[in-house]
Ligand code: IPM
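Only one chain comes next, encoded as structure tokens, the form predicted on its own.
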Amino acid sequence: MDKAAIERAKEHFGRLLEAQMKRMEQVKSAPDWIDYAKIKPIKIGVIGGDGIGPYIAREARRVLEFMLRDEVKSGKVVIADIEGLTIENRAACMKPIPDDVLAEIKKHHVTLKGPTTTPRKGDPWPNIESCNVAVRKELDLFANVRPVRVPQQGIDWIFFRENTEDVYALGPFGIEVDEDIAIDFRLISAPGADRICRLAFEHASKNGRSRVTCVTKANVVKTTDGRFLENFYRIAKEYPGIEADDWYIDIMTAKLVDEKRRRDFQVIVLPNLYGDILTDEAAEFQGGVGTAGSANIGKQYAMFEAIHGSAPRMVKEGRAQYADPASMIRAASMLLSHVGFPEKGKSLEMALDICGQYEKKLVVTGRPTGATGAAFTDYLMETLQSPNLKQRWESYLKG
């Protein structure tokens, strides 16, 4: 037995534990929610990212500027690009977020972000931490909110994925104890579980939802998942008019494809890793991850993004202009609602449903066989200007 290796592992774990205890103090003393109605101007930053990111970010910004043209003109909203959050810059400084880029991000109330490359062991890039994970931790964006809607199939889900804990938070800080043993760490805290569960129940309460479902593997992962589930049911007691139930992650992945049961789910709350997996599966019903957007919500900042990766192969093969911007544009619709323009957000959702799921006059395939991202955006913006947008959307709902 290598006692020196054990002592090194103890010291390593001790440093991680000390850092997380300091984080708990920050979480408990965090300021309350920002009120966008009292802010002028609301500063929106657009981040291109890597690979296909700049291509789809350009289209999403076009839509955002169109939707907020009056607010930009009056000075209520400012939209600006944030440069430098690229894999090249991150690799050069060996940080998930270059310091100057982080400072620029913090100057904006909300950001609309394209996908960024996360290196993995064996890649040509240094194995630095995920940029997404780092931004979420730096800005305390504790809630990853991902809606999936396919009205004709009776699917109307919204996922509340905890964003700052679990294996993703400590994934870069595992330890190779010796030649035989490698250990990673998983973190679930009571304050972290409380605030994501409360946000899920608050959404249900404010939006006429009658059921909130918690997803864990608490029967096997007893300590961390057990704490998450325990806190879920404690928060549920504060919302007696909303049904609360829980499922294990393995059977939940099956029930999402069960036509008899999947329509029953409404609001789903879950830890980080399970949320990442389940929301990708759920997005397939809507047309794939290329059609799904997500919000990263904190009390002071928010970041909205596509849920898919940077697709470097598409760039390498000269197909980036055929990348589907729908995911990032759907994230823009969530941004609009979050900063106080829910009607604009709803109109954009309707147009995306019409163009992407109903009429499909232009289909983006990611290849020259389909439309370019710019052409799809033109189609979407023409639809947004339609005087009978709501009627077209209601026709879609009726099938």
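Residue positions are given as counts along the sequence shown, with the first one as 1. Just so we're clear, the structure is a prediction, and the values are computed from it rather than from any experiment.
Beyond the structure shown, there is the form predicted together with this ligand, which is absent from this document and is the topic of what follows.
- In terms of contact with this ligand in the predicted complex, the residue from 159, 168, 304, 142 that brings a heavy atom within 4.5 Å is 168.
- Just one of 130, 205, 266, 189 comes within 4.5 Å of this ligand in the predicted complex, counting any heavy atom, and that one is 130.
- Using a 4.5 angstroms heavy atom cutoff to this ligand in the predicted complex, none of 95, 111 and 137 count as contacting.
- Stretch-level contact analysis of 240-248, 178-186, 160-168, 254-262 against this ligand in the predicted complex, using heavy atoms and a 4.5 Å limit, identifies 160-168.
- In the predicted complex, no heavy atom of residue 90 sits within 4.5 Å of this ligand.
- In the predicted complex, this ligand lies farther than 4.5 Å from every heavy atom of residue 195.
- Contact check for residue 224: every heavy atom lies farther than 4.5 Å from this ligand in the predicted complex.
- With a 4.5 Å cutoff on heavy atoms, residue 276 counts as touching this ligand in the predicted complex.
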